[in-house]
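Shown here is one chain on its own, the form predicted on its own, set out as structure tokens.
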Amino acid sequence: MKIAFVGKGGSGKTTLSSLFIRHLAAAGAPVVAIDADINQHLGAALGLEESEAAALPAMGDRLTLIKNYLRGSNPRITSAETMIKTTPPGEGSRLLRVCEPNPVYDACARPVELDGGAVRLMVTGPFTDADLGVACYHSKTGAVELCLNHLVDGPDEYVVVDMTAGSDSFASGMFTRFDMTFLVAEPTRKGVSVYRQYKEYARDFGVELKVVGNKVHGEEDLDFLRAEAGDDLLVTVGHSDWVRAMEKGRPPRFELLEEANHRALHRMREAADATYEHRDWERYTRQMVHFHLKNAQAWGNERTGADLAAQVDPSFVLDESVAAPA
């Protein structure tokens, strides 16, 4: 299962994504957690000290390694330099699996111990002073998109991505890479405006979108979110003493999280799991190709000096038939 957390800055999406990751780990599920936000806070939300979080290897700095591993022996991809963030897999490409060892995880992932188990954490890397004025943050998240394009995951396996805030996710096709997108919304006009924008952008792509109401303090807040999000409102989360302690760096055992919040996390997992039953691998592959051709024409061909449309393997579908380890 591929799951994204989105929302406006300050909505609490990183906190909610970290709680969801803890919930999955406590249940014994294998999890790859990815911080793809321009503000890198997921490591700290999962309990890492600031120095530990800062020392995590950045995927953006290891993009060449990622590309060389994923292209494998695919004859349509002649070099890492001709791969862009949207390059789809084909015959001969190497695919990633949630539970396996591989050079990408070796280089980019680090285990984080949580109550009940450990998760793999990967980060895009921070947007540094050296990037200002000369780099686009999407050049860093491109590493995440490539990995998602080459990932074969199954039921009860989870990749949870804390996405960049607002509508920046639509600068590429990465918003279509998920089985479930949880949009964290506060009960305010600004909070629901991101939801309306996201829903409008995603409307034509079959994106499964559910709203998680955060910072809800009573029936008035709940009524507001119900009126604005309708059936898309899945659960709400209110004040949490457990979260307050976690934000101070002293989280209690996860089992002591408030029962209402445990129930909300359980409902979120149920909603995400249900989407796997009707996963459409052909549509997933088709959308991958659509955004690759779009990016190739817009900038990729000029930047690489190659016809990137030739990278598309028309007979390849990323599905269960290619899921067995090579």
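Predicted, not measured: the structure shown is a model, and the values here were computed from it. Residue indices: 1-based, along the sequence shown.
Quick note: we don't show the form predicted in complex with a small molecule, though the next part is all about it.
- Contact check for Lys13: a non-hydrogen atom falls within 4.5 Å of the small molecule in the predicted bound form.
- Interface membership of Asn39, defined by any non-hydrogen atom within 4.5 Å of the small molecule in the predicted bound form, is confirmed.
- The closest non-hydrogen atom of Val243 lies within 4.5 Å of the small molecule in the predicted bound form.
- With a 4.5 Å cutoff on heavy atoms, Asn214 counts as touching the small molecule in the predicted bound form.
- Only one of 200-208, 226-234, 243-251, 146-154 lies within 4.5 Å of the small molecule in the predicted bound form by heavy atoms, and it is 243-251.
- Among Gly72, Gly116, Gly238, Pro103, the residue placing a heavy atom within 4.5 Å of the small molecule in the predicted bound form is Gly238.
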